[in-house]
Every structure is written in structure tokens, then in C-alpha cells.
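Just the one chain here, the form predicted alone, laid out as C-alpha cells.
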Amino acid sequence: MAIRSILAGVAALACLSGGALAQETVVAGALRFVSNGALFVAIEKGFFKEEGLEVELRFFQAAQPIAVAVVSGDIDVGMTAFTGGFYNLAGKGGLKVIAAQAREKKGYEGNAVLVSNAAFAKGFRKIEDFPGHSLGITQVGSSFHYQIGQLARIKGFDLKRVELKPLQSLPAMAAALKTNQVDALIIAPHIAKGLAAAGDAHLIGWYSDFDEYQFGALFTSPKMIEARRATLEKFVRAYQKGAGEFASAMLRLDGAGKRVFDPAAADPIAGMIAKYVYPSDPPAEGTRKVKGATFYVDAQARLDVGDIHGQVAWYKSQGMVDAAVDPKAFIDLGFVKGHTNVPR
């Protein structure tokens, strides 16, 4: 009996050791944004562990540093918004786009347009009022820069008449608006709603009311694909499951096209996301905030490829992306099936 017990113990230890060795670590860079909810849900639901992966999260304060960290090899994958700098790095062979993050889509709140109290009091009440005012952004070429460029195109005003103020980080942007150092921001809904609710700014519109576009992506480096493609395939499978759970629970619309939440389905998912986006808030408060700040995410993590081509074209027209950059060279369509709007 003693021998059997010893053998059973050895076998159990071997299984534990084998299980531990089977967990391969993938280092992922992201912002504490609801738009990364599919990633957080996949972690919380254990989808990565089912694939034999351990995800080590590293959080950043702006989009561009995530792309730089992937190129340098400090992280394995990144999830964030597209920027001019991202496209230049990708065009030089440093990055590969492999799946979708969030989209701006009509009917779903995405980034909000906020106006400072001082500017609002002086008559800045609508998108057409941007000329002659300042906009806080993270960096030149950021997603916020792109979005104001598209609003200028859609509303027919000269982008050069908007003073862009690079502030390097999202907290700095919020602080500048609160203290009236900038007149406006285009910023993620979870930050925007907090500023508006506190009386620190006025919300004058949602970007998705005016335009739809592929806001961000899951990306990696060519070296990572070459050395660990099978690992990335596992990562994407798990991530897609998270996207499916996210979309099912968080993106329901009623017959009038209004967002609705079934608490039994949405609250548990929102609670998982809140652990990462609002780690200091009580769970119930974090859950409420997540439900009020949910971006659209494709349920299969499919990219709007044609829109990425359009973004690159705009950045080129502004002199922020090299003319030789070709989206076909940095988008890898092999990890996710069914990407939409793929140019021939």
C-alpha cells in the first residue's frame, strides 16, 4: 500500500509538473480600456489556459509606446489603436496586424467629443465649431489626430484651423481639459463620461455618429510569427472566444437600435472587464461604468481591411506616413477567417 501511495504521488507530481511546463507565456501590451474587453474576458474565462497559454499583461499610458514595445521585443503582442507611427513601423517591417480590436460603428458609443467648461461657455457647442479652438491629443499622428482629421473632412472645415496640442498621455489630456488648458478632447468613453458626470467637461457628440472605422487591432512582430506562429494561433483562438463572449453579452440592440443589457448576461462579463479597467472601484461601480463605455467589437475579431487602407492613405496625404507603406505587406490574413472589405 505504501508503495502504491508513493507511486501515485510521483504520478501526480509528474502531471502537475507537465501541466506547469505546458503553460507558455505570452506578454501582451494594452491600455486599461473597455475596448480591450475581449482580451480581458478571454483571460478571466480561462480561454488562454485552455490553449496552454499564460498571458502576462503590461499596461501603457498611450498607444504608440505599445507598438514600439512589440518592435523591440519587450512584449510579444499588442492591442491598441492605430497611429501614424504604428503604420510607419509596420511599413518598415516591424509589425504585423493579425486580428481586430475595436471599431467605431454607428449605433454604438465609441470615442466621445468633449469640450472644456470655458470653451463651452464661449459658444463651442458642436463639431462645426472646432475651427479656432485647441484639441488635446497624445501625439501627432495618434488616433485622436486621425479622428479630428476625419471630422474636418466630413464637416468641411480646415484641419489647420484646429490647434493640436500633443500631451503624451491620456491622464495629461484629461487634466488639461479640466483646467481649461485645451478646448476639446476626443477620448475613450470611460474617461469622457467620468469627466462629464463630474461637471469637468461637456459631451457634444460621439465620433461614431459621424464616421465608422477600424479603431484598433491585435498585432505582433514578424519575428514572433516566424518563431512562434503556433503559439500565436492559440492566442488568437482564445482571443476570438473572448470577442464572441463580449459581443454576445455587451452589444445587444433593441428594435429601435438602442443598446440594451440583459443583467444576467452582461453584468458578469462587465465585471470581468472592470477588474482591469477600473481596478480601484467597487465591483458594482466598475460594472456599471463598463456597461456605459462599451466599444463595438467584431464577434470573430475580423478586421475591416479596406478601412485600414483608407487610414494609411489619409496619413500619407498629411505627410505622416511614408509613401512606400503598403497595408497588404503588414496585414496577415492567415490568423482569422472572413476579414471584411478586403481589397483585391
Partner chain sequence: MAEPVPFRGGGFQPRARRLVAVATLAVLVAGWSLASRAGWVSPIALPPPEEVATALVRLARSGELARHLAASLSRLVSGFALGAGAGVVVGLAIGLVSLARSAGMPVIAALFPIPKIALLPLFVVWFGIGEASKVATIAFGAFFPMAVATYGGVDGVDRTLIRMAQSFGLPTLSIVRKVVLPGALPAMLSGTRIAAAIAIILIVAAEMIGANEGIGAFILAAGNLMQTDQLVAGVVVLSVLGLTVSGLIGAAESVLLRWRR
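Residue numbers count along the first chain shown, from 1. None of these values were measured; they are calculated from a predicted model. Between two forms, the rigid core is the largest collection of C-alphas that superpose within 1.5 Å.
Unshown form predicted in complex with the partner chain; subsequent notes refer to it.
Taking the partner from elsewhere, G319 is found to have a heavy atom lying within 4.5 Å of the partner chain in the model of the complex.
Although the partner is absent here, G141 lies within 4.5 Å of the partner chain in the model of the complex, judged by heavy atoms. At a distance threshold of 4.5 angstroms between non-hydrogen atoms, N117 is out of contact with the partner chain in the model of the complex.
When contacts are judged by a 4.5 Å heavy atom cut-off, V68 counts as touching the partner chain in the model of the complex.
Here the chain stands by itself, but in the model of the complex one stretch of 211-219, 151-159, 181-189, 255-263, 181-189, has heavy atoms within 4.5 Å of the partner chain. The putative spot formed by G85, L89 and L164 is fully lined by the partner chain in the model of the complex; each residue has a non-hydrogen atom within 4.5 angstroms of it. Proximity to the partner chain in the model of the complex, taken as a non-hydrogen atom within 4.5 angstroms, holds for one residue of G271, G94, G205, G194, which is G94. I137 is among the residues whose C-alpha shifts by 2 Å or more between the shown form and the other one once the rigid core is aligned. With a cut-off of 2 Å and the rigid core superposed, A172 has a Cα displacement that reaches or exceeds the cut-off between the shown form and the other one. If you fit the rigid core between the shown form and the other one, you'll see the Cα of V162 move by 2 angstroms or more.
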